[in-house]
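Shown next as structure tokens: one chain only, the form predicted on its own.
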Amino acid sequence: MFRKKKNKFFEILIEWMLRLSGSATTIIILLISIFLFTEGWGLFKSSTVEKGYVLCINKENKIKNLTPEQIKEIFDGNITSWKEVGGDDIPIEPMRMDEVIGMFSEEEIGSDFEHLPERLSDVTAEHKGILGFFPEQFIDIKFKGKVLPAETISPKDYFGGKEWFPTATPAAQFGILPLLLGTLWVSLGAILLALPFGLAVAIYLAELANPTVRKILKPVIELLAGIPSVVYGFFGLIVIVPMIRNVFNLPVGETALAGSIVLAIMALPTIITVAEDSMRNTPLAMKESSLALGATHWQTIYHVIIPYASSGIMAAVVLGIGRAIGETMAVLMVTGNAAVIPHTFTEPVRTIPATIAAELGEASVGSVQYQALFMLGAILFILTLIISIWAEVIRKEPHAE
């Protein structure tokens, strides 16, 4: 009697421990998600101009605001007239504080820059085409120019922007379109390469290989999934990148194709294992019925086994895509890390995980770049969540009849 009560107590204790563990895991994941979105959402409250600085123009200039793209193009020298941005037909004179200081002597500026606000005001009033990028602390109430209003980064600029240049001054560029397309481009290439090979190996292991060969190959393939991604990256950098450079006669071999090949190799164990297990779950009665009706072994594989295992095969593909989208180090090493919109697989690209890994360590906490990277993490979280839900739905679909 005592032993039964003791066993009952331990069963209840273990049950509550399991419940607590599951609840804690769920809460932790939820808190991480909230943290990502909270840190990232502050981006859309941040100014497009570098913190602590303002853009100034002459009072007679009728321009009311400038987009981040226009500001960058002006300071890069690609836009040279105010007419190009809706103003008068006069040349634009981009000017930073250092250039203004160089116009005056030390006495005129002051040993502690006490006369600098007045000098900045005079220069802005004298140059009709000026676009000044000055520290906000040196703009006082007597300033003779006009300070352009600080625009905030909009979701349209972030999600639809075509340029990612977070260190650009005076206005950083936070368009994630190149990163998003680069991620999808590399992942698509990986799946197109991995699917036929993975499906072929799965069919061989499930239906053609003898038990001895299967017992050897299956653990080896599953072992590949445990190899660190940096090892795959080294392999890609030493073997695949030079091969692509030589075959396509390219100046560099770090391209989207190199990333796709490395990711395809990394996704193969997942695709093979899940697809093979699904095929082996095909009822023996269905196979025997097909063979009894006169079908060959290959006809049975094509018309019975693959249709029956289609949901498992699709789940394998989706899980492989999830592995490809979330991969960081291997992609960082072989894709060239160029934040440009890809058009071919022989161009360098940059993915979302690689961007986070490369820039987060250099971004100061609370900065606009820091917030933009956290928003990238939130986007990656949503993508992987969608893929996981999709895989789960496919797994639960009824088998083909």
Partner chain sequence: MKRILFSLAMVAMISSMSMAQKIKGSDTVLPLSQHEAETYMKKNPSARVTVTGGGSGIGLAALIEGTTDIAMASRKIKFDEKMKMQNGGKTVKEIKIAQDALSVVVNKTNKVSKLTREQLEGIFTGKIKNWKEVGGANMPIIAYSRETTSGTYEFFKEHVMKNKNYKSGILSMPATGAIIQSVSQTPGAIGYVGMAYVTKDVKDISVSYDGGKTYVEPTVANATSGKYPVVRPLFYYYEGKSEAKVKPFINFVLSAEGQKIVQTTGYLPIK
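What you see is a predicted model, and the numbers here were worked out from it, not measured in a lab. Numbering follows the first chain given and starts at 1. Take the two forms, find the largest set of C-alpha atoms that superpose within 1.5 Å, and that set is the rigid core.
Beyond what is shown, the protein has a form predicted in complex with its partner chain; the following relates to that form.
Contact with its partner chain in the predicted complex, defined as a heavy atom within 4.5 Å, is made by all three of Y53, K72 and R96.
The partner is absent here; in the predicted complex, the one residue of F104, F165, Y204, F143 having a heavy atom within 4.5 Å of its partner chain is F165. Taking a 4.5 Å heavy atom cutoff to its partner chain in the predicted complex, the contact residue among V230, A225, L208, I238 is I238. The partner is not drawn, yet in the predicted complex one stretch among 354-362, 59-67, 23-31, 40-48 has residues with heavy atoms inside 4.5 Å of its partner chain: 354-362. Within this chain, K128 is remote from the site of its partner chain in the predicted complex, having no heavy atom within 4.5 Å. Among residues of the shown chain, P242 is one whose heavy atoms approach its partner chain to within 4.5 Å in the predicted complex. Its partner chain is not shown here, and in the predicted complex it never comes within 4.5 Å of any heavy atom of I216.
Under a 4.5 angstroms non-hydrogen atom cutoff, its partner chain in the predicted complex has N337 among its neighbouring residues. In the predicted complex, its partner chain lies within 4.5 angstroms of at least one heavy atom of each of the following residues of 312-335: L332, M333, in sequence order.
Residue displacement note: G77 has its CA displaced by under 2 Å between the shown form and the other one (rigid core superposed). Once the cores line up, the CA of G110 ends up 2 angstroms or more apart between the shown form and the other one.
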